[in-house]
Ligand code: ADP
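The form predicted alone is given below as one chain in structure tokens.
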């Protein structure tokens, strides 16, 4: 009888210990921001706070960008306009890589992007006169930054800044900072096919730019992966594809035989996801060989390139 009771007590203790174990708290939320579905996933006691605060921060960033861009467009040529800290930081990083890439990455392509957006809607190509006119409004040398008061100036009226090639990466970096503040050691910051930040180890599929499924699966650990491709916003005329990634010097969609480029930047690099976002576009425009000659290979790892002759 005593043996039976002691065994029963032992079983009860084991059950009680087992009941005391709880699964890690996981929280996930998705929201459409910056033209894509953003999904944030976190594991940890403060997972919901981390995710919800990150969405608040990213939405505040979007508001800051929209307000600052409106004021810049309204300003006269040569007039400095004070901008928010986040916008100024993005512009500083963009100008740094514009110089490193010989202008392959350039946030002053806004006027050219507007021209091609209209072309896509109308299914007609820009005229030669339109192209020549826009070329005078594109060039990172037209953008001037004054760090003493976080102010920005363009020296030609009509130059339009577009942060589409940098903002998602920067937003992912902001979310990552908040995740770390909340002690999240396992999470995923997913800005669609553009930029992904993995906290911990994750397997990330890279979209096939010419069909369904994936072209590759990359193991990403505590770092960012960014993909640039010609498959999201494009139109075709006479069988030729015209997409949204513009070569700044020609103001034409880049046509170098590449359909998509994916790069990884280690989390130890400052503004890791922002740099990944910038570099995926830069490599797409430059091509692999020229990018390797211009950009330090310690900055990034090229993990996937889909060329058109691989279709």
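Positions refer to the first chain, counted from 1. Only a predicted model underlies this, so the values are computations on that prediction, with no experimental measurement involved.
There is another form of the same protein, the form predicted in complex with adenosine-5'-diphosphate (ADP); it is not shown, and what comes next is about it.
Chemist: Quick one: does residue 162 come within 4.5 Å of adenosine-5'-diphosphate (ADP) in the predicted bound form, counting heavy atoms only?
Modeler: Although adenosine-5'-diphosphate (ADP) is absent here, residue 162 would touch it in the predicted bound form, with heavy atoms inside 4.5 Å.
Chemist: So in the predicted bound form, does residue 150 come within 4.5 Å of adenosine-5'-diphosphate (ADP), heavy atom to heavy atom?
Modeler: Residue 150: no contact with adenosine-5'-diphosphate (ADP) in the predicted bound form.
Chemist: Within a 4.5 Å heavy atom cut-off, is residue 109 in contact with adenosine-5'-diphosphate (ADP) in the predicted bound form?
Modeler: Contact with adenosine-5'-diphosphate (ADP), yes.
Chemist: Although the partner isn't part of this model, could you tell me whether residue 176 comes within 4.5 Å of adenosine-5'-diphosphate (ADP) in the predicted bound form, counting any heavy atom of the residue?
Modeler: The answer is no: residue 176 has no heavy atom within 4.5 Å of adenosine-5'-diphosphate (ADP).
Chemist: Of 176-184, 228-236, 125-133, 215-223, which is the one stretch near adenosine-5'-diphosphate (ADP) in the predicted bound form, taking non-hydrogen atoms within 4.5 angstroms as near?
Modeler: Answer to the contact question: 228-236.
Chemist: Among the candidate residues 57, 244, 26, 29, which is the single one with a non-hydrogen atom no more than 4.5 Å from adenosine-5'-diphosphate (ADP) in the predicted bound form?
Modeler: If I apply the 4.5 Å criterion carefully, the residue I get is 244.
Chemist: Which listed residue (197, 170, 105, 116) meets the criterion of a heavy atom within 4.5 Å of adenosine-5'-diphosphate (ADP) in the predicted bound form?
Modeler: Looking at 197, 170, 105, 116 one by one, just 105 meets the 4.5 Å heavy-atom criterion.
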